[in-house]
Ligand SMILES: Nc1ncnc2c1ncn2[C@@H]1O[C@H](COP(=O)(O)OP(=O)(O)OP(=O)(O)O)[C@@H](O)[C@H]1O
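First, one chain by itself in structure tokens, the form predicted alone.
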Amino acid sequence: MDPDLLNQTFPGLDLEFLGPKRSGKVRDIYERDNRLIIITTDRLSAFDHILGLVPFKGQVLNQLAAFWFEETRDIVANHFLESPDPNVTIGRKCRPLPVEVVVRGYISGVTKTSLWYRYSQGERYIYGMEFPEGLSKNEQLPQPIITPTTKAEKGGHDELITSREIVENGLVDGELWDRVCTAALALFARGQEVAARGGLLLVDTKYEFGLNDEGELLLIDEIHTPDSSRFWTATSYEDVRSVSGQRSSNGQNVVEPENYDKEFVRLAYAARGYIGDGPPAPLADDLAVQASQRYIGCYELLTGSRFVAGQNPVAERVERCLRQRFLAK
């Protein structure tokens, strides 16, 4: 990849003609006519910090989410209406549920809310579930499980919570939470099925849900992208699980499967001793380029289509598209 592309990344932009802007770690959001205009930037967030910019990341996330929204529409309705630009989604406005629904098929991860991190610290009762002794890092679970977290306020950290606490604390009604969990597990199964066609394993993922004005449950935000999910290549997983000493219970010196997701960056930071305490070092250029290659590779393996970069500069293209769409008479 041409290193000059690092000078063409898309940090976001201000579009005053659309009204007030809400900025998340990765997306800039405007409201218009009871719809959301969601602009996906190249910002990369990990450990609840924005680390830097990754070329084409925003386009990959936006177009891959659009692919998955269509692939899973028969399971649960979603907020997606259209994508008028490679970095833009128009979605239905709704009331987000105050929890993130994390589904895990394997015991893995380096962040403090990850299943493996908690297990490696000696915990055996995690997310309201008992785990047996002797599990090893990256081991497949008997069946996928739901490990929800709270949604952190800006600058905060997501916190572990159990399904029971969600209902007892009134965050989500019990009947609605049952529907959310049923939908999440069905979405995960579909994700595993589609990923397998591209030679990938869907390891774990995060879903967000909301309710529209009619009370309909909607899948929102994104789905099965390299930001919200962990993907391993199936062949590399089989190889590393056969390595001598792989079942080390403390997880030390474990060979990691080849991944096509943000975990590549998390692991690089963790290898340098950083897992979220204090401010992180800026994303290095070489790591940004390698991450970009993984994001694009993930897109191509999942969709079976070649990634085609949109016209640069991205900010000018996005603004032109949205001006034509919302200011044209």
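Numbers follow the displayed sequence, beginning with 1. This structure is a prediction, so every number in the text was calculated from the model and none was measured.
Unshown form predicted in complex with the ligand; subsequent notes refer to it.
Colleague: Pick from 298-306, 285-293, 268-276, 23-31: which stretch has non-hydrogen atoms within 4.5 Å of the ligand in the model of the complex?
Modeller: Checking each option against the 4.5 Å cut-off leaves 23-31.
Colleague: Quick check on Leu202: any heavy atom within 4.5 Å of the ligand in the model of the complex?
Modeller: No, Leu202 sits far enough from the ligand in the model of the complex that none of its heavy atoms falls within 4.5 Å.
Colleague: Does the 4.5 Å heavy atom contact test between Gly128 and the ligand in the model of the complex come out positive?
Modeller: No.
Colleague: Even though the ligand is not shown here, does Leu36 get within 4.5 Å of it in the model of the complex, heavy atoms only?
Modeller: Leu36: contacts the ligand in the model of the complex.
Colleague: Does the ligand come within 4.5 Å of any heavy atom of Arg241 in the model of the complex?
Modeller: So Arg241 does not count as contacting the ligand.
Colleague: Within 4.5 Å, heavy atoms only, which of Arg179, Arg92, Arg190, Lys112 is in contact with the ligand in the model of the complex?
Modeller: In short, Arg92.
Colleague: Which residue, Glu258, Glu208, Glu165, Glu139, has a heavy atom that falls within 4.5 Å of the ligand in the model of the complex?
Modeller: Among Glu258, Glu208, Glu165, Glu139, a heavy atom within 4.5 Å of the ligand in the model of the complex occurs only for Glu208.
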